[in-house]
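First, one chain by itself: the form predicted alone, in structure tokens.
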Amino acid sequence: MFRKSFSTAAKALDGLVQDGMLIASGGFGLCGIPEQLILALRDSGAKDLTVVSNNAGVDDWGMGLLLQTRQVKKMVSSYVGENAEFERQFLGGELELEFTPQGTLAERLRAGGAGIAAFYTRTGAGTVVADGKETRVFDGHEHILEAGIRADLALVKAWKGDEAGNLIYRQTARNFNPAVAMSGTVTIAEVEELVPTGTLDPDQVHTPGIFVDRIVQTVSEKRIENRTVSPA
């Protein structure tokens, strides 16, 4: 079996990253993001990237790091409210944005991974989301045609994985990661714990190893996006 495990995030990305790639990244806010792979992607110097991610993280962490270094040409996202640099670049005409409803984004990623070229949805019909898209009426309601997303490279974060690439996510960190993992022509996973193949209970696996090409064990910082505390 081809060895999938790598010792560092940089080595896991080696030979895969090019300018102008379409990259899908898992996570929701700062929860479940492939943070060490994002750092390695930043350090690769790749530019003119199109990034598919639920959001752009915050200014100094997650995908926000790639915005700081001007490596992102376009974002395909559903929520962008926590990143001031994102806002500055977009309003200044420096960054393209394909704003996509959250459920539609998840389904576009899943569809791409399942080999579905496009699908119809009512979400966004009659709004700016539908501008320039084909529409069709089903059961008396207008639907818009949304394209599946097939990424050149997909980056995901899991709690535990084995050397064959089987992945288990933990609680809400599961979020977009399974769909992102499916969508990648090449998929890299970073995990908190890497175990020998055959160790994981097959009934607990969320992403089968067939979808994962490379895997790396990392130490996560697990930053909090918005810290809220009660009065003492």
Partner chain sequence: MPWTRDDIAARAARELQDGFYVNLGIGMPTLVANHVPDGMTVWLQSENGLLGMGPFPADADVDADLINAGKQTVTAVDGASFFGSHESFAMIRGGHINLAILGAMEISQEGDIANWMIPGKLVKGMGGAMDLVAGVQRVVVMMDHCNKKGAPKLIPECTLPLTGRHCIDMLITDLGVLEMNTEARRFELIELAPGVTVDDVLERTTAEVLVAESVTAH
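On a predicted model such as this, the values are computed, not experimentally measured, just so you know. Numbering follows the first chain given and starts at 1.
There is also a form predicted in complex with its partner chain; it is not shown, and the following applies to it.
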| query | finding |
| --- | --- |
| Interface residue in the model of the complex among Leu194, Leu200, Cys31, Leu65, criterion: non-hydrogen atom within 4.5 angstroms of its partner chain | Cys31 |
| 4.5 angstroms heavy atom contact with its partner chain in the model of the complex for Asn55 | yes |
| Partner contact for Gly115 in the model of the complex: its partner chain, 4.5 angstroms, heavy atom | no |
| Interface membership of Thr135, its partner chain in the model of the complex, 4.5 Å heavy atom rule | no |
| Contact test in the model of the complex: Lys73 vs its partner chain, heavy atoms, 4.5 Å | no |
| Stretch in contact in the model of the complex with its partner chain, which is absent here, among 39 to 47, 163 to 171, 65 to 73, 183 to 191 (heavy atoms within 4.5 Å) | 163 to 171 |
| Residues within stretch 144 to 161 having a non-hydrogen atom within 4.5 Å of its partner chain in the model of the complex | none |
